[in-house]
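One chain follows as structure tokens, the form predicted on its own.
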């Protein structure tokens, strides 16, 4: 459960979640880079990790502009994100790539949904720090090549991807339920707070399309 803390402005609550996600993603990608089969792939994932820490710094700076320390805004999300990563530790390079492709894709879709209710300055920041297409394209190409070389890999990675999305959606539901400021953010934008199931249905639909694009079964 998130630690008790004074209520934050709704936008700071969301930026705190995203800032911590970027910080953890940096750690995860830096570690996953060591699973790469060669130096060029290791460098590619390390470059992605560098973009994650840059995104964290930009979000932390915006939080300071809002009068909120990044650590305070991030603290409530430590448990949920720690649990997700503990449950989805990749064992090899392909699992690391699938986690970057599937897990980050679901997370980005979630943030885009919520960002729609932000003021333009914060909405643009959130959309700008999300993973760019180079990130997904690199992972997708690597996964498609691995499946083409060994079709049996698809079954293993499909099972892994289902586990990833199950954990990601579970933790997203946990965050949505525990952090009322996010619900308030949706309400302030005219959204339907009761339509949480609709949100997760859209996330699942996007995930299914993402899986099909690399030859994995949902």
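Positions refer to the first chain, counted from 1. Computed from a predicted structure; not experimentally measured.
The form predicted together with another copy of the chain exists for this protein as well; it is not shown, and the discussion that follows is about that form.
Taken together, the three residues 26, 49 and 54 all lie with some non-hydrogen atom within 4.5 angstroms of another copy of the chain in the predicted bound form.
In the predicted bound form, residue 68 stays away from another copy of the chain, with no heavy atom inside 4.5 Å. Among heavy atoms of residue 153, none comes within 4.5 Å of another copy of the chain in the predicted bound form. Under a 4.5 angstroms non-hydrogen atom cutoff, another copy of the chain in the predicted bound form has residue 38 among its neighbouring residues. The shortest heavy atom separation between residue 62 and another copy of the chain in the predicted bound form exceeds 4.5 Å.
When another copy of the chain is considered in the predicted bound form, only one residue from 78, 116, 145, 127 comes within 4.5 Å through any heavy atom, namely 78. Shown alone, this chain has one stretch from 69-77, 119-127, 136-144, 94-102 that lies within 4.5 Å of another copy of the chain in the predicted bound form by heavy atoms: 69-77.
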